[in-house]
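Here's a solo chain for you in structure tokens, the form predicted on its own.
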Amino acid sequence: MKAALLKNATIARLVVLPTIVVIIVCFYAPILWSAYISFTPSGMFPNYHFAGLMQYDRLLATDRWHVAFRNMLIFGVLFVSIAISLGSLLAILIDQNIKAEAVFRTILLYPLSMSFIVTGLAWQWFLNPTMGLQHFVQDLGWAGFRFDWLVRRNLSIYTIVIAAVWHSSGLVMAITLAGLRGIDPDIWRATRVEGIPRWRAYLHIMLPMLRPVMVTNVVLLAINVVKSYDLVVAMTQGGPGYSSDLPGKFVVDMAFQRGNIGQASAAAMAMLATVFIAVMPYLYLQMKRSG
């Protein structure tokens, strides 16, 4: 019996081994390589001479990086909070057993079927002052109407938030609705017996019970924040100027347009450190609870 268990464990390790190797080679090895390159004077081609914090000093002295990093914080906070709030509200509304529920779910999930490139192009047209919403409303007679955020340096980042929320709030709705439908009906009956208003039951009982679901929503949306490159490129190209730039676009531009892989690697490591710092409190709380 013991020999059979040992054999099964060995087979299981051999089955998992190729996956582990692929993860190490394709994921962790590039991270370590990029980390080392960020401490070298590499330009268009790798240069493996150690140069200390030179690339990080240059990065911190680059105004474009500060704008991109600040935009990531603005975009991340607004996108995650609005998408979760709107998606949760939509899930609660659909949870009322409305008619044609499947139709509404399909409509709300439709944006998710499109890539961020398509979403960005659609919203670029819609928000374009010369042919989109502003032009349409002005043609209706409201000549003073203006909605030209797309071409205003201080507001362009918020247009990306609008497009991202439109794209991803349906995902939050679907995940939250699945969580609501999984709640024990006896809990609902207990709230009715106690005379608790339905809105208060959702706010103070049901949604707090869905904390793991909400954490899932936050993680999925946060991933989109970190890798938000295609949406920016499709909508604004980081402009006007670099006012709507994000770290993902900064890294790609430095690596492939400026030919500076050392600076790109330093920016990528700064992004990784930011994600790590953001995740650490949650991991600490989880470890504390399990301990």
Partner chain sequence: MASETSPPVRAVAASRLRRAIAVRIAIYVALTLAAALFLVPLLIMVLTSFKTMDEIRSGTIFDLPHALDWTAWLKAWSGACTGLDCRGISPGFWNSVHILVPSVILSIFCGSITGYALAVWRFRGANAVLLALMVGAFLPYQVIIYPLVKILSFLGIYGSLAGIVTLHIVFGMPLMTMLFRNHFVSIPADLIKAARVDGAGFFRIFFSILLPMSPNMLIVAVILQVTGIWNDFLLGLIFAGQANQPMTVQLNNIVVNAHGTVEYNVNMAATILTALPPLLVYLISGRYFVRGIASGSVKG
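These numbers come from a predicted model, not from an experiment. Numbering follows the first chain given and starts at 1.
If you look for the form predicted together with its partner chain, you will not find it shown, but the lines that follow are about it.
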| item | value |
| --- | --- |
| F147, V161 and S243 all contacting its partner chain in the model of the complex, non-hydrogen atom within 4.5 Å | no |
| Candidate from A190, M114, V151, V218 lying within 4.5 Å of its partner chain in the model of the complex - any heavy atom | M114 |
| Interface segment, criterion being heavy atoms within 4.5 Å of its partner chain in the model of the complex, picked from 182 to 190, 127 to 135, 200 to 208, 72 to 80 | 127 to 135 |
| Partner contact for I223 in the model of the complex: its partner chain, 4.5 angstroms, heavy atom | yes |
| Contact label in the model of the complex: I277 to its partner chain, heavy atom within 4.5 Å | no |
| is_contact(S228, its partner chain) in the model of the complex, heavy atom dist at most 4.5 Å | yes |
| 4.5 angstroms heavy atom contact with its partner chain in the model of the complex for A68 | no |
| Sequence-ordered list of residues in 251 to 279 near its partner chain in the model of the complex, where near means a heavy atom within 4.5 Å | V251, V252, A255, F256, I261, A268, M269, M271, L272, V275, V279 |
